[in-house]
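The chain that follows stands alone, in the form predicted on its own, written as structure tokens.
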């Protein structure tokens, strides 16, 4: 068993954007049980089956892309030439970056759209927009992307190679991305119900972005431990024994780990991963409530770990954790919480995410003592 990386770092600043708004607005909507997902033509302007997608703005083929003004909402916090210097690295994460530019180029031939479809050029444009320096690492590993960015930032700080680190992540739905998931049949007209034991699985997609500033000496919350594991089992599927999920979570047990935590899972609404994750969480943390928020927010793909971290810390600040919105009836585990619950008595939260091919990553979040 590979132990969790215990290199405590503190979260000095954190914010996210979802279809509901910022972290405070998103948390409040989830506590109320609201669902941001709406039926949207899967190919945007190209039409197609109406599937559940949570958008901050209509899904168009415009250029500059619709997410350009959305990311500008973070200007006040991340626009600075101090970022991207030798002691202030940036970890830029996403699963899609500007891939929507490929469809815009194909449909409209818009000058500049193809440039945004190349990851390196998309990153260069963001660097220019925010005034960043050159110390930028780009990470894209499907739905664990942001978690890997947080882990790399923590390692740089723990090794004394950075004074502060900025993790910045964004994923916005597009015809390219939605069409791909629709072709796999996991994005369809059905709305997701994370961890529900039902006949069919379905996901929703969601717009999302966020940032976190990590330090060693500032902030009310700590990333106390992190762990990642890749089964290397299949291009998309997990080992059906569930060993990958169990291995990823077992690192957060034992000496020095909190005894009472709540568990925020990946919970997309697909069946086998939902069952395996719920069973592994229940076996590893028998008393922990299990929640997942993608039934309301949609799957924000490579950015989900950072976005859901922001919502999770907002939950700790407010003293109430939103339940698993969109899920009713029988679940894969009796520990799945479908209603909000208080954080009183909990020592922290384990927050997990998973990706195609059996990639798993998780982190332990605790209030700073």
Partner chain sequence: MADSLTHEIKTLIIETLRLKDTSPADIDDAAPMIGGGLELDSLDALEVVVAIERNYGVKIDTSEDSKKALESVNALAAFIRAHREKAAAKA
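Fair warning: this is a prediction, and the values are worked out from it, not measured in the lab. Positions refer to the first chain, counted from 1.
Just so it is clear, the following notes concern the form predicted in complex with its partner chain, a form of the same protein that is not shown.
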property	result
Partner proximity in the predicted complex: residue 184 to its partner chain, non-hydrogen atom cutoff 4.5 Å	yes
4.5 angstroms heavy atom contact with its partner chain in the predicted complex for residue 49	yes
Residue 242: touches its partner chain in the predicted complex, heavy atom cutoff 4.5 angstroms	no
4.5 angstroms heavy atom contact with its partner chain in the predicted complex for residue 287	no
Residue stretch of 212 to 220, 251 to 259, 194 to 202, 290 to 298 approaching its partner chain in the predicted complex, non-hydrogen atom distance within 4.5 Å	194 to 202
Every residue of 40, 66 and 110 near its partner chain in the predicted complex, heavy atom within 4.5 Å	no
Sequence-ordered residues of 109 to 148 touching its partner chain in the predicted complex, heavy atom within 4.5 Å	none
